[in-house]
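In the block that follows, a single chain appears as C-alpha cells, in the form predicted alone.
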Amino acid sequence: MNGEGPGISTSTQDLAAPVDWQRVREDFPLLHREVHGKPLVYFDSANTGQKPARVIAAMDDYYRRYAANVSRAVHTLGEQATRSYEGARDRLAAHLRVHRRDLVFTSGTTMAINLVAYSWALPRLRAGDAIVLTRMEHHANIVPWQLIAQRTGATIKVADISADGVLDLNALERLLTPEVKLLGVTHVSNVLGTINPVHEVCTLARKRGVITVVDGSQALPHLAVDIPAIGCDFYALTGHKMCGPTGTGALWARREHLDAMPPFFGGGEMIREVRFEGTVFNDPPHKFEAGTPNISGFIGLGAAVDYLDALGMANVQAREGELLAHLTEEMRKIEGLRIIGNAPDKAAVVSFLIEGAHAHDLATLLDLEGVAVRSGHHCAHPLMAYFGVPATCRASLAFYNTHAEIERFIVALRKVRGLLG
C-alpha cells in the first residue's frame, strides 16, 4: 500500500512507529453509532471484527466499477477482477510468509478444516488410528474429526489444560503414541484467550510423524503469524475476524499434502479438462476452489491485510496488551466476578461470570447500557463442561477500542451487577 498507513506517522515498515489510535478508530464507521441511545462499546471482536472504511470501499468499488467473474473472461472487467482477486492471495501469502500457490481460499476456518478432514484424513485414516485434540478447541476443530472418526474407525484423544487455561505440554507429549496420525490445536483460544505455543506443539508432533492442523482464527487478528516458523502441516484462518468480510478465509498446507490430496468439491475452475471418461484437475490451490468465489469478499480481505500491515502487527499486539491489562485489572475489582482463563500469555479476550447471574441475562442488561459482549458456550461445549459452567460472557477487545470504553464498560458492569443483586 502506498502512502501513510492508518494513524501511522512514519514508514509502515517501521513496526515501532508511533500510532495515533484515535485516528485509527475514526477508520471504523460502525464504532460511532449508538445503541439504546448510548454510545456503542463494541467488545465482541472475537465474534467478528469491525471493518475499516477502506475494506468497505474496496468491495463497493468492485461492484460499482468492475463487477465481473474471475479467471473466465478476457475482457477488461474480467481481467481487472482477476487481478484484484489474485492480488488478495498475494497479500495474504506475504502476510503469513508463505507462497501463494500453497494458499487455498475458503469461506473460513470451518471450511478449511473440513477440507483437511475429507481430503487428507478420510482417505488415510483407518481403524486403530487416533486423532489428538486439545480441551480448548472450537467446535470447528472438533466436529469434523468426530465425523471422520465415525467413518474410519479412528478414535479421538484429548490433551488437557490447567485450571488457568494453559495447555499441558507434558500430557500432550504422552498422548502422542504411535497410533496418533493427526493433531488439531488452536493457536489462540476463542474463550480463554490463551496463546498456545504452537511451534513447540508442532515440533513434538513432527518428531513423531504426526500431521498438525492449526486453527488460526483467533490468532490473525492479534498476532504476527509466521507459518514457516510454526512448522505445522496445515493452518486455517478466517477473514472476518481480522477486519475482513464474512465468508472469507484460507487454508495453507505443505505442498506435498496439496499435491497428494484429492479435490473436496467438484465443478468449474478446478479442472484442466473434463470428459465423460474422466477429468484432469487443475494444480493447487485452484484444484480446491470449485465454482464462482466470493470475489468482492476476497478483494475486501486483501484491503484488510493491507490495513493490518500498515498498522504493523507488533503495534496491534502492544496496543491490545495495554487494553487487556487495564480491563483485567478493573474487572478483578468487582465483587463476585469470576474470570475464566488466566494464562500468562493471552490475547485480548476475557471470559467471565458474575455470581448468581446467567451469562445471557448479564449480556442482555449490558446491551441496554450500549455494551456489546458475547454470551453463550462460544462453540466450545467441552471447554464449558471442563469449567463446570453452561455459558460465559466474553469481552473481546481489538486495537480500535479505547481505555475510555473500558471505563464505561466497568461502570455498566457495576450497574448491572447491582441490578442482579
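When you see a residue number, it is the position in the sequence shown, counting from 1. On a predicted model such as this, the values are computed, not experimentally measured, just so you know.
What comes next is about the form predicted in complex with pyridoxal-5'-phosphate (PLP), which does not appear here.
Out of the listed residues 119, 212, 109, 134, 109 is the one that sits within 4.5 Å of pyridoxal-5'-phosphate (PLP) in the predicted bound form by at least one heavy atom.
Between the options 227, 161, 340, 140, the residue in contact with pyridoxal-5'-phosphate (PLP) in the predicted bound form by a heavy atom within 4.5 angstroms is 140. Shown alone, this chain has one stretch from 237-245, 166-174, 308-316, 93-101 that lies within 4.5 Å of pyridoxal-5'-phosphate (PLP) in the predicted bound form by heavy atoms: 237-245. The closest non-hydrogen atom of residue 190 lies within 4.5 Å of pyridoxal-5'-phosphate (PLP) in the predicted bound form. Taking the partner from elsewhere, residue 351 is found to have every heavy atom lying beyond 4.5 Å of pyridoxal-5'-phosphate (PLP) in the predicted bound form. Taking the partner from elsewhere, residue 186 is found to have a heavy atom lying within 4.5 Å of pyridoxal-5'-phosphate (PLP) in the predicted bound form.
For residue 217, a non-hydrogen atom is located within 4.5 Å of pyridoxal-5'-phosphate (PLP) in the predicted bound form, even though that partner is not displayed.
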